[in-house]
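As structure tokens, one chain now follows by itself in the form predicted alone.
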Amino acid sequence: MATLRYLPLAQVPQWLDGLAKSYTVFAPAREGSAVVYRPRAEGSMPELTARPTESAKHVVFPRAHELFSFTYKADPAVVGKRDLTLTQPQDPTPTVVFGALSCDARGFFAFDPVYDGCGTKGLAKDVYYLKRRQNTALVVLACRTALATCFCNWTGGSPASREGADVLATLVNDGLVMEALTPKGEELVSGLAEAGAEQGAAAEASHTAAEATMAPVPGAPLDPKAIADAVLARFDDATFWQAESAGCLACGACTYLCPTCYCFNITDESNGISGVRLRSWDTCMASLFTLEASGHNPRTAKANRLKNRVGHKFSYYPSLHGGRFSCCGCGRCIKSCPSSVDIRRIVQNALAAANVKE
């Protein structure tokens, strides 16, 4: 087991200032009523008590990311001919996300196989994502209590999951117990003092107490295959999806706040003879998401779009990636939905419908 380190809360700003000499540091900060991950201002204390409204995925997968810039220049030797020059952006700098949640860290596991060529399947790798992923270290802050919308235990997680984290930080009394889990993490905390036995025990007690605040998994033990099969069995059940989507506004808040949604659009934004090609977040809940060049749109109905979103997370994605859900159970889609659509209820209703049929 790695040596536990201890960081007094009063020294957190100083420690992060030190990291900022070698890394770009993101940390949770209050903006109005929201808590968001932002590049940290020198000397500032991160928000460590309120749950971040958004996930940290934009640090690795930016909302709008320049793939390259382009410039046209007239060729003086040939009338009407223009030469095109493409310029790649600079490689990302080493980055630390301090105060990420365990669900945020686990969320990147939905991205990894897709953007890494699906492992051994030999598909193209996305170098833009992979460079950022490899250059980012995650200091995960263990949750002290679960919200009513949290269901990470449905998807194999916990309030203090170490999966995907480089450092697990646990708030105890007036400091943070820091557990390095990877070589990246060891490098980050190597200068901190060792934690005492009482501090280590307090951290474990905090993890146990947080786990006890989670709502039990319905029908435990959870059977991922049964869920995948039940959701897929409702594929042609238009009545089911119309009922489940009745309250949905198709605003897309669920997808933009989700740590595991990875869809994007690509556009060329030009100004005269120069411009940039951007990759920007997109949402499958938008009516134009599946509009084809022919003018045909297979998902004009809101019910079909919700079916695709839920089906992808709990059936299609698991069938391609070893049974793992494309959902980390963070509950942000539930908490921030303006009409209280609850993805847990949809899954439970699909299971109930499958049981009735049997």
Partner chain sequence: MATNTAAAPQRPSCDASTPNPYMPYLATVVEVIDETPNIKTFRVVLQDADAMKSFTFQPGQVGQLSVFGFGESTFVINSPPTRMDYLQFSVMRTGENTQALHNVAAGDTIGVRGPLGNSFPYESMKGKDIVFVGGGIGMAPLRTLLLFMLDNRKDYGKISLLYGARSPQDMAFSYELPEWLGRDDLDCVLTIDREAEGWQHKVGLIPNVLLEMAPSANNCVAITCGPPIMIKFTLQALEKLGFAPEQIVTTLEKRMKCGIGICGRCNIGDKYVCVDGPVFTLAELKEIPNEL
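Remember, predicted model here, so these are calculated numbers, not experimental data. Numbering follows the first chain given and starts at 1.
Not on display, but discussed next: the form predicted together with its partner chain.
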Output flag, 72, 86 and 165 jointly within 4.5 Å of its partner chain in the model of the complex, heavy atom basis: yes
Its partner chain: the contacting residue among 93, 270, 173, 190 in the model of the complex [heavy atom, 4.5 Å]: 270
Residue among 215, 130, 233, 202 with a heavy atom within 4.5 Å of its partner chain in the model of the complex: 130
Distance check, residue 42 to its partner chain in the model of the complex, heavy atom within 4.5 Å: no
Its partner chain contact in the model of the complex: residue 262, any heavy atom under 4.5 Å: yes
Touches its partner chain in the model of the complex: residue 288 (any heavy atom, 4.5 Å): yes
Heavy atom of residue 325 within 4.5 Å of its partner chain in the model of the complex: yes
Heavy atom contacts to its partner chain in the model of the complex at 4.5 Å, residues of 303-318 in sequence order: 304, 307, 308, 312, 316
